[in-house]
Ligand code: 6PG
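One chain follows as C-alpha cells, the form predicted alone.
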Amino acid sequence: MQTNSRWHTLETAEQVAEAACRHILNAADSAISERGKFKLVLAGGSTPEKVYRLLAKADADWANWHIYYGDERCLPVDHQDRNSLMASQVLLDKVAIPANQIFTMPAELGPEVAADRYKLAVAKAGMFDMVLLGMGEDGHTASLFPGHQHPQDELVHAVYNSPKPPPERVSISAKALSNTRELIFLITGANKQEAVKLWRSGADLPVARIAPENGVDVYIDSDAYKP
C-alpha cells in the first residue's frame, strides 16, 4: 500500500461525498490563492457523481478551475456511459468554468488517436492540484486494469480489452496521475471490501501504483472497509 496514505472512514456514501466535496473546495481555494488556478482531474462513477452534485451547489471561484479527466470510454460524445457526459450534466453545465479550461478526452476518435492528443493536454498541465479516483471490485482505478501492461513513461495510455465494457478506453497513466499535489480515492459499497483488504495487505493492484509524493487520502464508507 502507498506510504503516507490517510484513511477517512465514514458511515455512508453520502457522508463520503460531503467530506470529499469539502476537501476539494479547500484545495481549490488554496491552489487559486497560491498559484492562480486549480487543476482538477475528474473520475467517473456513482460516488464521484454524488460529489459533483454537491460541488454544483457550492460557491467557488469557478473562473480559475481547469478540468481534466482520468479516463474515458471510447464511445460517441453523447453516449450515456461517457464520464464527460455525466460530469457535464451534473456539474460543468451548472457552473461558470470557461469552456476552454475543460479538457475532454476525444475518446470517440479511438484509443490511439485520443491518447496521442490528450497527452498534449496532460503535458501542458504539468503537476495537477488534485486528482479524484475511484476503485473497482478488481482493484482497478481510472482505466488501469490488473494484468494490463503499459509503457511506464507514457502520460496517457490507449486501453484495449478492458474486462468491463466497452473494451476500448483511454486512461491517464499511473505516472501522470501521481504527479499531483493531492489525490483522493472515493470508495463505497460492500462489493469493494475484498479489493480494499488486498490493497491494504500490499497486493500489486493498479490502485497501489498511484503514488503521489504527498500520499493519498482515501474516503471510504463503512460498507467498503471492515477493519
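The first residue of the sequence shown is number 1, and the count goes up from there. Computed from a prediction, not measured in an experiment: that's the story for all the values here.
Not on display, but discussed next: the form predicted in complex with this ligand.
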| item | value |
| --- | --- |
| The unique member of Lys57, Arg35, Lys164, Lys197 whose heavy atoms fall within 4.5 Å of this ligand in the predicted bound form | Lys164 |
| Partner contact for Met135 in the predicted bound form: this ligand, 4.5 angstroms, heavy atom | yes |
| Residue contact check: Ala107 to this ligand in the predicted bound form, 4.5 Å heavy atom | no |
| Contact test in the predicted bound form: Arg73 vs this ligand, heavy atoms, 4.5 Å | yes |
| This ligand contact at Ser46 in the predicted bound form, heavy atom, 4.5 Å | yes |
| Contact stretch among 120-128, 87-95, 137-145, 151-159 - heavy atom within 4.5 Å of this ligand in the predicted bound form | 137-145 |
